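Take a look at this one chain, the form predicted on its own, written out in C-alpha cells.
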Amino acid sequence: MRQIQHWIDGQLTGGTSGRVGEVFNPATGEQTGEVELGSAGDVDRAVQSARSAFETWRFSSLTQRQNIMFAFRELVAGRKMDFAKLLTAEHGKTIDDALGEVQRGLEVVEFACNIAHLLKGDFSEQVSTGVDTYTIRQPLGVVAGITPFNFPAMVPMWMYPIAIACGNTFVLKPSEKDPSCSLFAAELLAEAGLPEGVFNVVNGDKEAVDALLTHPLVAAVSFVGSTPIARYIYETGTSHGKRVQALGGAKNHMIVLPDADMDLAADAAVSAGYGSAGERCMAISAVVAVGDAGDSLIDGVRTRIEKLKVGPGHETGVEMGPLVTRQHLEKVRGYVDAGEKAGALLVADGRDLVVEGHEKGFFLGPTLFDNVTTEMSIYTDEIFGPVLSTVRMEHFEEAIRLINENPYGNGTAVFTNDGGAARKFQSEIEVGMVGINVPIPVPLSFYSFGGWKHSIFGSHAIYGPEGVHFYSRQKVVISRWADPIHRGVDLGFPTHG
C-alpha cells in the first residue's frame, strides 16, 4: 500500500492528523494507496514555510523566475508519459486523454515563461512639472489553490505557474482522490531550481480547505469544483479578507440546427459528451436539437457510441475509461435510473456494461437519452458522467432562451452552416465560453478561462491575462526628482540578475 505524504519546505513530509484517505485504481476497483489528510497544523506549517520563502522570492528577478519556468517546462515536456501514467492510475482516464491534459497544462507553464512581458506597467512622463506617473504590478504573498479530481495535472497548472512567476509563493490542496500528480510536479519544480518553500502541497479534505480559507497569512485562493463548494469557498474566503476566484459547475448545452453538418455534429456530441467519461466541467451534457435535426442526430450519436471501446485507461485502443470512485459510479447510475423513471427515452443504456477481467472496476457505458424535458434531474443537475441528454425544440430562439435561463454559464456551442445564426448565437447567448462548430470552447493559455452566472464566483477568470491580474496587484507611483543621481563611471557591460 503506497503511503502518500505532503510536500512542505522542499521535501516530502508526514502529517499530524492521523487520518488517511483511500486512493483507488478505478479500472480494477482496488485500493492502491493511502493519502494523509492534512490537519490545520499541517496547513499552518505549509503556509509558514511559504511566507518565509516569500520574503526573498518576491525580490527575485524576473529573469530568474523565467529561467525556472523554462526549466520546469522542459522537465514536464520530457516526463509527459510519467504524468499520464500517474493520472490514469488514480483517475482512470485513458493515456491519450491524460497526455492531452498534461499538454494543456504545459501551455500555461509556457505562458508563464513570458512573465517579464506580462508584468509590464504603464508610464506617463511629465504629468506635472518634473513629475512622472507609472504603475507596477507586485505579488500578493502566500496564495493557495484548491483543485478537483477530474484534472489533477492540468488544473493546478492553471494556477501555480502564473502565481509563482508573479512572485508569490503557493500552497496547493489537490483532490485527495488522485494526489500523486501534484507531488510529482513539486519534485520537478525543485529539480528546476525553485527555492524551498515557494511551492507546497498539503493533501486533505474539508479540514485543510477551511484552514486555508481562514489562515491570516493566505492572501488569495483559487478554486475549481462544484458550484455549491465554489460558493462556500468564495463566501468564506472573502469574509476573511482574501481575494478569491472560485470556478463552479456547469450544464453545457450544444445546439444543433437543421442546416448543420450532421456527421460533424454527431462526432462532436460523442467526443464532448463521453470524453474522460463525462468527468469534465466543459463536457457537453445537453444537446438541443432544433426542428427536424433530432432524428438524424440521435441516429448518428447512437451509431458512434455503439463502436466506442470502454476499458482500463492504460490499454491500447481504449477510448473511455471508468469513473473515479465507486461512490461516484453509483451516483451517476442513480441519475440514469431517475431519467428512465421520469419518462425520458433511454436510447443507449450503459448501466449493464461489464469489462472482462475488470468486473470490479468503476465502469459505466455511454448512455444516451432522448425526449428529455427541463424538469428532469438528468437535465437540471450536473451529472459529471457519460450521460448525454437530448432536448428537442422547434425554434432557434427557444433554444437560446433555454440556455440563457439556465443557472450555469460555463460553456456552450452551436452547430450550423448559417453565419447569421452563428452571429446571433454568439451575440445573445449568456455564457462565458462559446463555440461555433466547436464543442468544447476551452481557450488557449494566452486567453483566460471562465464562465458566467453560477459557474464562477469572483471577478477574475483563471490563467491567461486574467490570471496575471489575479495573482498581482497594481501600485501607482508618482515621482519627482529634483537633482540628478551620480553613479560614477562604469565601463562594464550592463547585466541583469
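Computed from a prediction, not measured in an experiment: that's the story for all the values here. Don't overthink the numbering: it's just position in the shown sequence, from 1.
This protein has a second form, the form predicted in complex with ligand NAD, left out of what is shown; the following refers to that one.
Of the residues given (A250, V270, V391, A84), A250 alone sits with a heavy atom within 4.5 Å of ligand NAD in the model of the complex. Residue in contact with ligand NAD in the model of the complex (any heavy atom within 4.5 Å), chosen from E107, D370, E319, E382: E382.
In short, of 420-428, 90-98, 258-266, 219-227 it is 219-227 that has heavy atoms within 4.5 Å of ligand NAD in the model of the complex.
At a distance threshold of 4.5 angstroms between non-hydrogen atoms, R137 is out of contact with ligand NAD in the model of the complex. The closest non-hydrogen atom of K206 lies within 4.5 Å of ligand NAD in the model of the complex. Heavy atoms of K177 reach within 4.5 Å of ligand NAD in the model of the complex, making it an interface residue. Although the partner is absent here, F449 sits close enough that one of its heavy atoms falls within 4.5 Å of ligand NAD in the model of the complex. For a residue to qualify, one of its non-hydrogen atoms must sit within 4.5 Å of ligand NAD in the model of the complex; none of V47, V142 and Q245 qualifies.
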